[in-house]
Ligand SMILES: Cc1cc2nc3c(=O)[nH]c(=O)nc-3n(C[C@H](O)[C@H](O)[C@H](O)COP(=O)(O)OP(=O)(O)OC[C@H]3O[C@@H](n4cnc5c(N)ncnc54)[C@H](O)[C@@H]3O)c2cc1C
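Take a look at this one chain, the form predicted on its own, written out in structure tokens.
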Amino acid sequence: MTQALNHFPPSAADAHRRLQAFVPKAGRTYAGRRNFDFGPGAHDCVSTLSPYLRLRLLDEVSVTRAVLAQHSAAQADKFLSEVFWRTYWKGWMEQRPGVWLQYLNDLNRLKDDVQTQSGLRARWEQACLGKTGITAFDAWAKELVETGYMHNHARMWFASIWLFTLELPWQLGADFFLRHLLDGDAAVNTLSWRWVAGIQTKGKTYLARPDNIAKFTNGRFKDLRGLATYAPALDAPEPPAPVDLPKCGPKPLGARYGLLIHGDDVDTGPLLAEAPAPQAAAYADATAGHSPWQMAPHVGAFRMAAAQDRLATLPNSPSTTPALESAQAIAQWAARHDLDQVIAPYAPVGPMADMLRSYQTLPDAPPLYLIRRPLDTAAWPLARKGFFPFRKNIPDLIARFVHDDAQAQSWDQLALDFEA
């Protein structure tokens, strides 16, 4: 846990320091070097901002604005496209919540299989412990467990080997990631694994090749024999038709209201903009709901520390507040402070959204008002098909939310070039 939090200090100040340190590399340097994984402590060719984006200590708008202050849209195209991949995945899942529910159902079934099938259990344990004998795979597994992070290219290789060489269920691999990644996210993680498996983009899989691994790891793994040479797409149910986003609109503030940040958004800024005089503030945590197995301690610790960092900036905030880990605990907190309204960031598909829905069904619980960020409201409904149709909207989203007309014109030209 210490190593993970030392490398990713859980505060807004550290998030912005990391962003500013990376921004000079966000143009041609990133475009040319982003696929290289040089190992733990040497991920200097990528931003490593994802744990902070996961908690909204940074968001797409702040990152884009910082990058375009130093780079043209053309220079930063590769990096900003990756930033908006996260937006796309979130929007796609938000309109198809049944995909997450099916994943959880699959995990519960597989937990029974792991307990009753000794061969599956042995192979699963070897993979999670980094004891498969595949040197690269084992190194990545240990890096993830120790640091809470893995390079994006390594995640693709790792998932491919898990699926097509070790022939383990993709859901167990996605769960292994979610239990350890500081940036583990219900939508991004689940859909990325589905993509490697050929489920998300029907029939399109990702095969980890020895020559590709050798090239982009600078030859640091000496024995890459034995990897699968074929990656057949896995079968899966068709995804449900997309549904509309829930409404989130302004509501009158009560006389006494409290702010509730949570593990999907610890940023107090958007809440204070609409509710500037809270009577109380707290942090709700649904980390345990991501897996039927125990989550790695550093995941919850990172989220809790980041939440405390934000709560400490509020007037009259206590130095520490225990995490509220159930709908009932939220209601009890609201009752202790005699609140007649609770204000919280919108929680996308995942355990926190489930907890907040449960809260809303409790008798006598004060009304819950959810605030969704304007970019999410605008961008998520555009994620109805694949990423490339969504990508054509990025210039307009940047023009609307980053407020840089000159850069927006450059992005408009990029969109035209892409369509051509």
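These figures come from a predicted structure and were not determined experimentally. Each residue number is its position in the shown sequence, starting from 1.
The protein also exists as the form predicted together with the named molecule; that form is not presented, and the subsequent description refers to it.
- Although the partner is absent from the chain shown here, Tyr30, Phe177 and Asn189 each have a heavy atom within 4.5 Å of the named molecule in the model of the complex.
- Taking non-hydrogen atoms only, Gly184 approaches the named molecule to within 4.5 angstroms in the model of the complex.
- Among residues of the shown chain, Ser47 is one whose heavy atoms approach the named molecule to within 4.5 Å in the model of the complex.
- Contact annotation: Glu82 falls within 4.5 Å of the named molecule in the model of the complex, judged by heavy atom distances.
- Using a 4.5 Å cutoff between non-hydrogen atoms, Ala284 does not count as a contact of the named molecule in the model of the complex.
- Screening His298, Arg86, Arg123, His290 for any heavy atom within 4.5 Å of the named molecule in the model of the complex leaves a single hit, Arg86.
- Site annotation in the model of the complex: the residue of Phe302, Trp140, Trp193, Trp92 reaching within 4.5 Å of the named molecule with a heavy atom is Trp193.
- Partner contact region in the model of the complex: 144-152, out of 235-243, 144-152, 109-117, 334-342, criterion any non-hydrogen atom within 4.5 Å of the named molecule.
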